[in-house]
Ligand code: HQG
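There is one chain below, alone, in structure tokens, taken in the form predicted on its own.
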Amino acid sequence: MDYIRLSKEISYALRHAPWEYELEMDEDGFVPISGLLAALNESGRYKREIVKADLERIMEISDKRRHEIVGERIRALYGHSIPIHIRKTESVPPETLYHGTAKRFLPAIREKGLLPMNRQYVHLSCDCETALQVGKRRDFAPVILTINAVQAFENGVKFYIGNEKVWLCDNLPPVFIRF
């Protein structure tokens, strides 16, 4: 089983196009596992039937916690671009977070801060290494921004836990960013 390919398809279905898989997403971003499995198996793209254990295996071997199973439901934890706003639980962030970005975006960030762009939330990393990895998706030598998260939180910016390495916020004004 090609678990990387399967993980990418599940992420696409849960983050970007649940309707293509005929999935009904609730306000917390969950869909029934049975519906996801039915859609994956009906596609004919896999050599054998995909079962719940395959979903659990993907989460077990993943370097990032991208999905969550609760009972008989599954959801993507972050990265959504769908028009439905996934409800997250507000939480107090660590004192400092990081954001890796391409140099070409710095003028806009200095002016407007960090915005979610085509996603529902701004993604922030708990450590520089993760921020660097994220930033390299758009720039060979990205810039790592340091976020004064506690100060932002104390001034009304809402933060949400994405997973153990990723924090989310709606937007982040430039005053809380060290360039």
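Not measured: the values here are computed from a predicted model. The first residue of the sequence shown is number 1, and the count goes up from there.
There is another form of this protein, the form predicted together with this ligand, and it is not shown here; the text below is about that form.
**OP:** Pick the stretch from 148 to 156, 40 to 48, 23 to 31, 114 to 122 whose residues have a heavy atom within 4.5 Å of this ligand in the predicted bound form.
**Re:** Answer to the contact question: 114 to 122.
Original post:
Heavy atom to heavy atom, is Leu36 within 4.5 Å of this ligand in the predicted bound form?
Top reply: No - in the predicted bound form, heavy atoms of Leu36 and this ligand never come within 4.5 Å of each other.
Subject >> His99: touches this ligand in the predicted bound form, heavy atom cutoff 4.5 angstroms >> reply: Contact with this ligand, yes.
Original post:
Does this ligand get within 4.5 angstroms of any non-hydrogen atom of Ile82 in the predicted bound form?
Top reply: No.
Subject >> Any non-hydrogen atom of Ala13 within 4.5 angstroms of this ligand in the predicted bound form >> reply: Ala13 lies outside the contact set for this ligand.
Original post:
Does any residue in 73 to 109 get within 4.5 Å of this ligand in the predicted bound form, counting heavy atoms only, and if so which ones?
Top reply: Stretch hits, in order: Tyr78, His99, Thr101, Phe105, Ala108, Ile109.
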